[in-house]
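Below you will find one chain, with nothing else, as structure tokens; this is the form predicted on its own, and questions on how it binds or moves follow later.
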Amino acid sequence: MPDARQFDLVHDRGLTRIWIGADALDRSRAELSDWVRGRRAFVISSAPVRELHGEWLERELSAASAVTALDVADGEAGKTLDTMGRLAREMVAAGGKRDSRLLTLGGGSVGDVGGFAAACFLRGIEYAHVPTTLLAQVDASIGGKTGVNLPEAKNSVGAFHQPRFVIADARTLSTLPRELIRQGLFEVVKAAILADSALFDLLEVRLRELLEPESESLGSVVEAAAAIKIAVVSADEREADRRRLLNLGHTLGHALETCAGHGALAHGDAVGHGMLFAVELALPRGLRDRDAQRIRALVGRLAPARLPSFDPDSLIRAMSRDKKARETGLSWVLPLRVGAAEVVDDLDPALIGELLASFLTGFVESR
């Protein structure tokens, strides 16, 4: 895997320094030590991740006055208001202050709830992400979106709160099961469809190799996908315009996760189905059959998990409650071709319902 590359994501509160690559923790050591020096550092993680990487990270925090470990449940089960409240109480009890530091160690869900805790604790403290999954390294840890789920909608309570650092060390990916690599690659495919046809080409050629945790190509793919998100967020931090493109596959995807019950359907699989549905919506608007077939084939090779039976009307209601919905209705991100996409606000709700019913039936019957 390549040596770590440094990115600076400039935003309205300053900048987030991001290291991505095989020696990211080594490259970040000096700045990380200065950042925690003399301060209490809270490390939020799940038990399995802490067992793998906790000692490794805490050795890097030797300059802190104290290091307090806080546990959350892995996956969507940890993304609740109850978890957030418990973390805040534990931080108060441990003596947390406005200039304490917080680090998240783990996947996207740990980063979401840990980042939200940092955003809310004492009206906001500085924090850093140390993402250990492919999905978190290419997507969830970048951009400052934090939050937790409600039963009615995913990520519906949260805040924009940019991390001070993101340390995406590729060495952590070698400990992942193949399934978590597969889930993360859906977000890589999304990035390629949006903005990088060369990355899409590479995925088509090397997908089988990339599915292995110790793939030599995985590091460069992480860097390419993360660079796309960094560029988009830098141009539109608060999702007023261009950042909405990053929701490709997520409008339906989040509804599928909500209606299945948070955690029952993995995020990558849900986004995969969402991208396939976006292709169906895009075809009448001019997406070429050749590009549609390439997207379907690549997503299909990642084999999104079979869907349970869904009522299309329930999914539409869930989409209407999604955090991306506006008073004027739903926006959809549709591919224009491989390497480009658009945000569409004028789709006929009746057409969406008709295509969704057909899409769900066709998928179930084809499986």
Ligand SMILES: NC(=O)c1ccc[n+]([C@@H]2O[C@H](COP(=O)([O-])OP(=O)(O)OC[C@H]3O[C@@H](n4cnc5c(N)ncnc54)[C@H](O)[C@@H]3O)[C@@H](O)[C@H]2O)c1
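For every residue, the number given is its place in the sequence shown, counted from 1. Here the structure is a predicted model, which means the values were calculated and not measured.
This next part talks about the form predicted in complex with the named molecule, which is not shown.
The stretch that touches the named molecule in the predicted complex, counting heavy atoms within 4.5 Å, is 154 to 162, out of 209 to 217, 196 to 204, 277 to 285, 154 to 162. For the chain shown alone, S46 is a contact residue for the named molecule in the predicted complex, at least one non-hydrogen atom being within 4.5 angstroms. For V189, no non-hydrogen atom is located within 4.5 Å of the named molecule in the predicted complex, even though that partner is not displayed. Although the partner is absent from this view, D269 stays clear of the named molecule in the predicted complex, with no non-hydrogen atom inside 4.5 angstroms.
Interface residue remark: L52 is counted as part of the site for the named molecule in the predicted complex, having a heavy atom within 4.5 Å. The partner is absent here, but in the predicted complex a heavy atom of K229, alone among H262, K229, R182, R244, sits within 4.5 Å of the named molecule. Not one of T251, P312 and E354 is positioned with any heavy atom within 4.5 Å of the named molecule in the predicted complex. Contact annotation for 53 to 79: residues with any non-hydrogen atom within 4.5 angstroms of the named molecule in the predicted complex are H53, D74, G75, E76, K79, listed in sequence order.
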